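Only one chain is shown below, in structure tokens, and it's the form predicted alone.
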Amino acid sequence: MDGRGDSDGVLVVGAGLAGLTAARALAAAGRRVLVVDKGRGPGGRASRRRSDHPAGFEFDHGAQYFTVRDDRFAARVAGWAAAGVAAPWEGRIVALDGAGVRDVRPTRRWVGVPGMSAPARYQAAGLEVLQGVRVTRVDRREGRWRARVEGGALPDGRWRDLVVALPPAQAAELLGEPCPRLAEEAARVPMLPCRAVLVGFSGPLPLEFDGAFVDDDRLAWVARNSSKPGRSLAEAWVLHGSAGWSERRWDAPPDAAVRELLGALAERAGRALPGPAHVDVHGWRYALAEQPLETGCLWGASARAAVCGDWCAGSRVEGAFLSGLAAAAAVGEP
């Protein structure tokens, strides 16, 4: 569907799972939709990074997996699995604390294939999505939304409805002038940061697990990315710093961040680790809602603007999907 010049269309800002889910639902209902996103590809924090190292290291450096509770999400995940863009992760998941290694309660964990961004890319198929275009301003005149952008050209058009699928601070900044009430509601949801360390090794680490929740003031989570289905077999690990450590060490040099988080892993695992063959660091400023909402989305009926994201529906990947559905339902049909 095409949003160009359509006075009854919908402009969606953000091509993460929430925005794409809203866009697909609205397109299926007969609405004309244009999705605009500043990133290089769809997915938001459900991202995949490939190194240029000869070994071919691959990393899911944002969202690590997803679980299913809601029947609507279960149906969508079944569709992803049938399309080959999602599969269960059968790796051993444990907890690491001062007492050592403990298995956690068995849970079916799903991942995108060949990377966590695959379901979002599948969601984007058939939609008009402009990547690499940052929306800097939106305003509403004569009952229609307009947008200004940088980094590319936006087709001329006016949209009856607006869906903002961004972290709350960014949504608040964008909507501050035209929708101050929505902006204020979004601004009340603080987000916690996460610094991710991506490490490749020349051979398998001597660790008898594939993912771990870590009880440490520096390190919160580690995963053997190469244990997930559809990935390169090159030994690739993702380490997520705790929110407190990430805040304190946000500007620490990358080599210091790598050293500190690998040191925390070695301490909790109780064994020395070999030197890495490849390292990289990424920062997620808006990684996780400290106290997520349970409203599904925020809706301004008079302005015909919706705000959605995982932070509106309990966090988690499933929350992003359900929030997108809620936004589409609020916007409605033509």
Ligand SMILES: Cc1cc2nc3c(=O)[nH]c(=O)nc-3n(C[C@H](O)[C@H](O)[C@H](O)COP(=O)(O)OP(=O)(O)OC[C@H]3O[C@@H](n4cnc5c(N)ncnc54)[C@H](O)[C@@H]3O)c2cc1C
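Residue indices: 1-based, along the sequence shown. Note that the structure is a prediction, hence the values are computed from the model and not measured.
One more form of this protein, predicted in complex with the ligand, exists but is not displayed; see below.
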Inset, instruction - Determine which one of 133 to 141, 177 to 185, 257 to 265, 79 to 87 lies within 4.5 Å of the ligand in the predicted complex, judging by heavy atom distances; exactly one does. - result: 133 to 141
Inset, instruction - Although the ligand is absent from this view, report whether residue 18 comes within 4.5 Å of it in the predicted complex, heavy atoms only. - result: yes
Inset, instruction - Answer for residue 36 alone: is it within 4.5 Å of the ligand in the predicted complex, judged on heavy atom distances? - result: yes
Inset, instruction - Answer with yes or no whether residue 57 is in contact with the ligand in the predicted complex, where contact means some heavy atom within 4.5 Å. - result: no
Inset, instruction - Please run the contact check for residue 91 against the ligand in the predicted complex: heavy atoms, 4.5 angstroms, yes or no? - result: no
Inset, instruction - Using heavy atoms and a 4.5 Å cut-off, decide whether 13, 64 and 317 all contact the ligand in the predicted complex. - result: yes
Legend entry - Contacting member of 269, 279, 293, 288, with respect to the ligand in the predicted complex [4.5 Å, heavy atom]: 288
Legend entry - Candidate from 46, 26, 305, 297 lying within 4.5 Å of the ligand in the predicted complex - any heavy atom: 46
Inset, instruction - Select from 164 to 181 the residues with a non-hydrogen atom within 4.5 Å of the ligand in the predicted complex and write them out in sequence order. - result: 165, 166, 167, 170
